[in-house]
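Take a look at this single chain in structure tokens; it is the form predicted on its own.
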Amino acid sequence: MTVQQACEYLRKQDDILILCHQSPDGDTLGSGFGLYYALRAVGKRARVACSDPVPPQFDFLLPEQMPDFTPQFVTAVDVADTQLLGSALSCWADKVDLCIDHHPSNRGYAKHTLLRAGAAATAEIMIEVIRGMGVEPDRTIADCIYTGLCTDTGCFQYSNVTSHTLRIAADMVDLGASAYRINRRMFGIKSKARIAMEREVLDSLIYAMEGKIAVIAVTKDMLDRTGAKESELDGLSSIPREIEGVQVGITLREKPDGFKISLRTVEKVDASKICAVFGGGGHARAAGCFIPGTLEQCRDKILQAAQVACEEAGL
């Protein structure tokens, strides 16, 4: 679908359920609640749902109360695959009418899809949808969109940032988005448990290919020792790539029966292709997958795939 078609489609609906992905980040929540407030502005009943609780740093996005109703229309935002909806929302996996997303690995599971793989964040698309429905963003919507943009770009540091991304962010600030407050919440404040986790994961750091690949691990034992919550782990996957000389940064996060893998790469290595080997996907510079097994087994497998990718890239 085009933006115009998606807007016309949404305008015809009511009782709209907006689905976010599990382990919600700023883009899925910012896009989801941005759409929620826009739909309310045009007289629609809507609510946002997520399998996991909204992390405390995003509580400013939440309305005081959302209406309860039987959904007649289901849209998913920033969700590339129905597996990402999580167990609590799995009942909607084959009932998604519209998906709005920016992931090139999107599985095309919805009846209709508005996909722009070149967008830095789904929020970049969502602001066009909001305006296309005839809604002029207020400060609340501007906060939502700005949150989606800044979190999916690492506060505008990543290679996915374009001049268009920056113009939208500036526009949101002009509309009242609290850029300083949001940036500080997202990037400037860390709990003591988070600092303890950073120390733990740095102790787990190993290198491969003469320092071109760096790997860290987040295990259940680490979480138990530090008392850190899942919501406090956001951003850890960027640590390995920040090391001088590292071309591929890998983070393994322990889950039941295996490890969730997060990859961050430089320009020459496609993270999504590495993760595709294990049924995952994402973007060229940031992608993820799941590998069953022990820490050592999973680390060996993802390292082997990363080494092959580096060799193919001539690194």
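The shown structure was predicted, so the numbers you read here are calculated from the model rather than taken from an experiment. Don't overthink the numbering: it's just position in the shown sequence, from 1.
We do not show the form predicted together with a further copy of the same chain, though everything after this point is about it.
- Although the partner is absent here, Gln157 sits close enough that one of its heavy atoms falls within 4.5 Å of a further copy of the same chain in the model of the complex.
- Contact check for Glu198: a heavy atom falls within 4.5 Å of a further copy of the same chain in the model of the complex.
- Within this chain, Ala169 lines the site of a further copy of the same chain in the model of the complex, having a heavy atom no more than 4.5 Å away.
- Contact between Asp138 and a further copy of the same chain in the model of the complex is not found at the 4.5 Å heavy atom cutoff.
- Screening Ala117, Ala88, Ala93, Leu202 for any heavy atom within 4.5 Å of a further copy of the same chain in the model of the complex leaves a single hit, Leu202.
- Of the candidate stretches 122-130, 98-106, 236-244, 70-78, only 236-244 has residues with heavy atoms within 4.5 Å of a further copy of the same chain in the model of the complex.
- Residues of 38-73 include none with a non-hydrogen atom no more than 4.5 angstroms from a further copy of the same chain in the model of the complex.
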